[in-house]
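Just the one chain here, the form predicted alone, laid out as structure tokens.
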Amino acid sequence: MIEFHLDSRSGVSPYLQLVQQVRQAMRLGLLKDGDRLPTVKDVVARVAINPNTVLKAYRELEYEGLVQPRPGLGTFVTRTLGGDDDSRAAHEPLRQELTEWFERARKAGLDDEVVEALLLSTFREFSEERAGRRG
């Protein structure tokens, strides 16, 4: 089951952070068709958030056709965004390499904010270069 977390420094609204986390879990194969999302009560207790914010996120996911509420049972994933099992299996070696990179960054004295900034800026540059080559 997915465990939500909120980053107050991100500049992204809490409900949208929840939506993004569900989508990401679906892309990585962590949430699949038929899986149940945490109850609103569980999310509220875990991340200290207003229940209406969780409901708004779940309604957005429902509107996108990704989840479906079942009265008295919970909210369930109705489809997946990830690839097949082979493409998901390819994630693990990459995840391991990334974990090793994080360990090297930590040993080099980089804190979480610097690591995040470095990762995001490098990804943006990479994406822009690729887009430039295609255009």
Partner chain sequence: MSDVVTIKGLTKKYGRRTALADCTLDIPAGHVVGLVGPNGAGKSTLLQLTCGLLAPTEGAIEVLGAAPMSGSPRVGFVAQDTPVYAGLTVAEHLRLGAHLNPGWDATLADGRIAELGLDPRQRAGKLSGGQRAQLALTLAIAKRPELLLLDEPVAALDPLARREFLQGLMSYAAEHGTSVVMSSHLVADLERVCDYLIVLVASRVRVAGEVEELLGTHHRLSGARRDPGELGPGRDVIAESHTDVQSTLVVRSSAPIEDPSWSVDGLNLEDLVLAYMSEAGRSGRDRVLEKR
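Numbering follows the first chain given and starts at 1. Just so you know, these numbers come straight off a predicted model, no measurement behind them.
Same protein, other form: the form predicted together with the partner chain, not shown, and the subject of what follows.
Visitor: Quick one: which of 122 to 130, 20 to 28, 6 to 14, 107 to 115 gets within 4.5 Å of the partner chain in the predicted bound form, going by heavy atoms?
Guide: Partner-contacting stretch among the options: 6 to 14.
Visitor: Does any heavy atom of Pro51 come within 4.5 Å of a heavy atom of the partner chain in the predicted bound form?
Guide: It does: once the partner chain is placed as it appears in the predicted bound form, Pro51 has a heavy atom within 4.5 Å of it.
Visitor: Using a 4.5 Å heavy atom cut-off, state whether Val77 contacts the partner chain in the predicted bound form.
Guide: No, Val77 stays farther than 4.5 Å from the partner chain in the predicted bound form.
Visitor: With the cut-off set at 4.5 Å between non-hydrogen atoms, does Leu81 touch the partner chain in the predicted bound form?
Guide: Leu81 lies outside the contact set for the partner chain.
Visitor: His91 versus the partner chain, in the predicted bound form: is there a non-hydrogen atom within 4.5 Å?
Guide: Close contact is absent here: in the predicted bound form, His91 is far from the partner chain, nothing within 4.5 Å, heavy atoms only.
Visitor: So the partner chain isn't shown here. In the predicted bound form, which residue out of Arg95, Arg46, Arg59, Lys32 has a non-hydrogen atom within 4.5 Å of it?
Guide: So the residue touching the partner chain in the predicted bound form, by this definition, is Arg46.
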